[in-house]
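The chain below stands alone, shown as C-alpha cells; this is the form predicted on its own.
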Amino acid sequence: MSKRPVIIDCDPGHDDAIALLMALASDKLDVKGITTIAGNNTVEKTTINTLKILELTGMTHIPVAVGRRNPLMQTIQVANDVHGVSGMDGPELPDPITKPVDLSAVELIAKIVEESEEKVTLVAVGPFTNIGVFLLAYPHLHDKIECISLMGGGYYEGNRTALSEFNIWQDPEAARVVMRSGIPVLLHGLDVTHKALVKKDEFSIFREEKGPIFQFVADLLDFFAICYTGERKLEGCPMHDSCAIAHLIDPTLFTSYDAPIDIDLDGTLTRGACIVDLRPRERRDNPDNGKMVLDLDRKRFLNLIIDSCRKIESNLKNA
C-alpha cells in the first residue's frame, strides 16, 4: 500500500514532539512537510523545537516552514505554565543546524498540495491559524485535501475556559473557517485526549530502554508531568496531539461519531466552545461535517508510541 501524504502543522510542545515521532516512524504516513505555528510558545521557539526533533531522528530532508506569529484576531498567549520557557523544556538537545525553507507555512502547504498527485491529509495540532489562512487563500485546492485531522475542542469540557480548549481558544475564528470549509474533519478533543494517558508508572518503560529516542521521550514525560500529575492531579501525561496522528495510522484505536461540528464566536461565556450535535440524526439542524472522537483503546495507543520509538531507534542504528 502507498503511504498517505500528510502535512503536519504543529507548535512543539511535548505532546507535539511525540506526535511527530509517531508520524515519522509510521510506514503508513508520508510526511511531506511540517509547518509551525505560535501556540505552546512563540513561533520562533516552536520552529527551533521542530528542527531539533528532525535532527534527532535523522529526518532533516522534510521541509519545515515558519507559520503565523499571532492568531487572526488576537495576540498569542503562550503556555509556559505547561511546556516551559522553551516550549519543550526537559530534554537537552543541541541547537539545530538546519534551517526552515524560504516559503511561509501557508505557501509550503499550498505548494505541496498543488503538486501532489494524491489527495493530501492535513494534521493540525496547534492553533488552526495556518490552516485557516490556507483554506481562505486557496479555495481552489480544497478538493485536493482528503481530510483534516485535528487536536482541539471538546464536547464535555474545556481547559482555558469552562468550554474552550487551548488550540481553539487561541484562534476561534480560524477554527470556524476549518469547520465550515466543507472538508471532512477528525476532531480529537479533550474528551479523548485526557484518556490518552501515559501513566506515571509507565514512564519507566521509556527510561529503561536504550537509545536517544527513548531517552528523549522519557525527558519529555518527566517535565510534562510537573503540570499534569503534579498541579492537575491526573494519573499521567495526556498525549493530546498524538491522537490526531494515531487515528491516521490505526483508526480502530478510536471510537468516533459522525456529527455536525462548529465553533462559537459570539457567546460571552462560550466564545471558542466546540459545538457538536450528537442528538439523533433526525433532530439535527445541520449536516455532518466530520467525526467527533470520544474514546480510545489506551493500552494499544501506548504500544503504538513505544513501537514508534523502536522503529526510529532501529532506523538510526541502520543509517
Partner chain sequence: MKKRVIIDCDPGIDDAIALMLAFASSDIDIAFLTTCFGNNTLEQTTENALNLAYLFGSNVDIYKGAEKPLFVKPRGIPEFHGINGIGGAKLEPSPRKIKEEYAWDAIYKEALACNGELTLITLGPLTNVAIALYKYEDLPKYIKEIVVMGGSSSFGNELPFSEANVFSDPHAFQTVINAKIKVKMVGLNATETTRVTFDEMREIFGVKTRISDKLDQMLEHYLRVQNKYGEEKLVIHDAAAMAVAISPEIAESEIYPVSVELTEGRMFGRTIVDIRLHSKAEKNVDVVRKIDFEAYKNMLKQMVGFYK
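Residue numbers count along the first chain shown, from 1. Just so it is clear, the structure is predicted and the values come from calculations on it, not from any experiment.
One more form of this protein exists, namely the form predicted together with its partner chain; it is left out here, but the text below deals with it.
A.B. asks: Are any of the heavy atoms in Asp143 no more than 4.5 Å from a heavy atom of its partner chain in the model of the complex?
C.D. replies: Because no heavy atom of Asp143 falls inside 4.5 Å of its partner chain in the model of the complex, the answer is no.
A.B. asks: Is Thr252 close to its partner chain in the model of the complex, meaning a heavy atom pair under 4.5 Å apart or at it?
C.D. replies: Flag for Thr252 set to no.
A.B. asks: Whether Lys111 contacts its partner chain in the model of the complex should be assessed with a 4.5 Å heavy atom distance threshold; does it?
C.D. replies: Lys111: no contact with its partner chain in the model of the complex.
A.B. asks: Heavy atom to heavy atom, is Asp222 within 4.5 Å of its partner chain in the model of the complex?
C.D. replies: Judged by the heavy-atom cut-off of 4.5 Å, Asp222 is well away from its partner chain in the model of the complex.
A.B. asks: With its partner chain left out of view, choose which of Asp258, Glu55, Asp264, Asp30 has a non-hydrogen atom within 4.5 angstroms of it in the model of the complex.
C.D. replies: Comparing distances to its partner chain in the model of the complex, the residue within 4.5 Å is Asp264.
A.B. asks: Looking at Gln77, Ser116, Thr98, Thr161 here, can you tell me which has any non-hydrogen atom within 4.5 angstroms of its partner chain in the model of the complex?
C.D. replies: After the contact test, the surviving option is Thr161.
A.B. asks: Based on heavy atom distances of at most 4.5 Å to its partner chain in the model of the complex, which listed stretch, 22-30, 44-52, 64-72, 282-290, is the contact stretch?
C.D. replies: Stretch with heavy atoms near the partner: 282-290.
A.B. asks: Just to make sure I understand: among 144-158, which residues lie within 4.5 Å of its partner chain in the model of the complex, judging by heavy atoms?
C.D. replies: Those in contact are Tyr155, Tyr156, Glu157, Gly158.
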